[in-house]
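So this first bit is one chain, no partners, the form predicted on its own, shown in structure tokens.
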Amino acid sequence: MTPGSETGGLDFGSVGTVALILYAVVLIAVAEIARRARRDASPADHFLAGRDLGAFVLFLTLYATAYSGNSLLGYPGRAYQSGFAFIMATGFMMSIVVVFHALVPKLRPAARRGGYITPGDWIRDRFEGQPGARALRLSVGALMSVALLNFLLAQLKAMGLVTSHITGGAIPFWVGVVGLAALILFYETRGGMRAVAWTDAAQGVLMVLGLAALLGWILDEAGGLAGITESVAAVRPAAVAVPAAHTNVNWFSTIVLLGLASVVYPQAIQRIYAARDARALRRSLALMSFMPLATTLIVTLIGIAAIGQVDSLAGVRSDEVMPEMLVRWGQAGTLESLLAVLVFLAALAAIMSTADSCLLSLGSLLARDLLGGASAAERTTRWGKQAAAVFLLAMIPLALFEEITLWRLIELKLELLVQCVPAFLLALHWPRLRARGTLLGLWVGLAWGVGFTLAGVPQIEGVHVGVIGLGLNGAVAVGASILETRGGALARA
């Protein structure tokens, strides 16, 4: 059967198309409500929702942003390729929550005192008056902007894939990319962070319920976890084998890469700034601790189950594993068709929630950190909207190129962002860190990671080149800071 064939009296593609149209209408309505709720046109109101996000909405917007097209399409595809070895993906996501606890307690009080809008405001405040401070802020802002463009590209690709499948091919891949990009630009420009956070809240609930329903169907279809294991072993015995030492090293490397780099996502940092108070932030992070089990574990099992259920997915790309499983579920009957459409919408909602967050953060970084806009100027808000629109339009043609996988986009983005970690975690916990040393370390780590990536060497003995680059980065930053401090002390003496 094709994705759009009739099952149990329902045309799956037609139902998906109608659901998609209704979903778009709801987003437009939310954008208008959010626009009317704004207090003013200041950057703090537009980019941070007036710093008034409560615990529940903050948790759901963090959740919907963290679990994106990368997670819902890239992770199942990677699990399909790797088998049970990829079950450690749950540990990858748990590491993010752990590292957040090293960042939030010190960064949030500083953000409240300094009225921060963007990550660059922390760099400006922390290294004020030091040689190299401005170059460091610009370098971090530029690096984060490039990572956000990568992130945005991944979401655009994922939107096209999901839209094509949810409508049974009635809406082609390229139309999904262009149409939904225009929708995101509309409601993000109209409603800012409020529109993003409010839509994230509904999207997060939808995603949890949808994935739970899909997991229930897969377990029932395969005869439980034992049945999944047996079917996978019959098709691909290597997928259930004990991981080799190289795989274990790569697990550790990915935990370090994902755990450290994810906490310096600009959109994650800005949600720390947007929290109503410390209590709301603590509660939202406590709830986030459970989400790897509710999301990452489920999508990983879906990818593993696909090995035995979809006959080796002949002719299907790894990023299409999740949509293919949903289409097959929808062909089982009327109820299953409706539930499959629900999960498709949940996946699309998660993807769009991440895309709109990227776009919002990108606009603020470009306007404030790179162009130097004032923190209270309406002009800065306008610059941010215009810059985000320009870069979104520039990303669309790249999103139409389907050869690069979502998992590789995840790795590339993280290997860039992880070089910003010393400027935040190390700077928060070690007062002697200097701007010039931090800048030098950043460029050394970046040169190492980018150099090996361009040479076609993404890993060395299972360790990501970005993680090795981070080690060099930190060593250079600490060593140069110590030398500068001692040199200054000698000069004063």
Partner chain sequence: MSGSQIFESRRAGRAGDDSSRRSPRTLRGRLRRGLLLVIGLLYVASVPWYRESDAPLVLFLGLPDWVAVALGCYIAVALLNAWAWGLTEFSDEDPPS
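A quick note: this is a predicted structure, and the numbers were derived from the prediction, not measured. Numbering follows the first chain given and starts at 1.
One more form of this protein, predicted together with its partner chain, exists but is not displayed; see below.
**Request:** Spell it out for me: taking its partner chain in the predicted complex, does every residue among R134, L143 and L446 have a heavy atom no farther than 4.5 Å from it?
**Result:** No, none of the three is in contact.
**Prompt:** So which stretch, 167-175, 281-289, 350-358, 182-190, is the one near its partner chain in the predicted complex (non-hydrogen atoms, 4.5 Å)?
**Reply:** Going through the listed ranges, the match is 281-289.
**Prompt:** Heavy atom within 4.5 Å of its partner chain in the predicted complex: which of L215, V240, V235, A332?
**Reply:** None of the other options qualify; the answer is V240.
**Touches its partner chain in the predicted complex: H429 (any heavy atom, 4.5 Å)** = Although its partner chain is absent here, H429 would touch it in the predicted complex, with heavy atoms inside 4.5 Å.
**Prompt:** Does at least one non-hydrogen atom of V390 fall within 4.5 angstroms of its partner chain in the predicted complex?
**Reply:** So V390 does not count as contacting its partner chain.
**its partner chain contact in the predicted complex: D220, any heavy atom under 4.5 Å** = No - in the predicted complex, heavy atoms of D220 and its partner chain never come within 4.5 Å of each other.
**Message:** Please determine whether R108 contacts its partner chain in the predicted complex, using a 4.5 Å cut-off between heavy atoms.
**Reply:** Result yes; R108 sits at the interface with its partner chain in the predicted complex.
**Prompt:** Which of the residues spanning 447-464 lie within 4.5 Å of its partner chain in the predicted complex, based on heavy atoms?
**Reply:** Nothing in this stretch is in contact.
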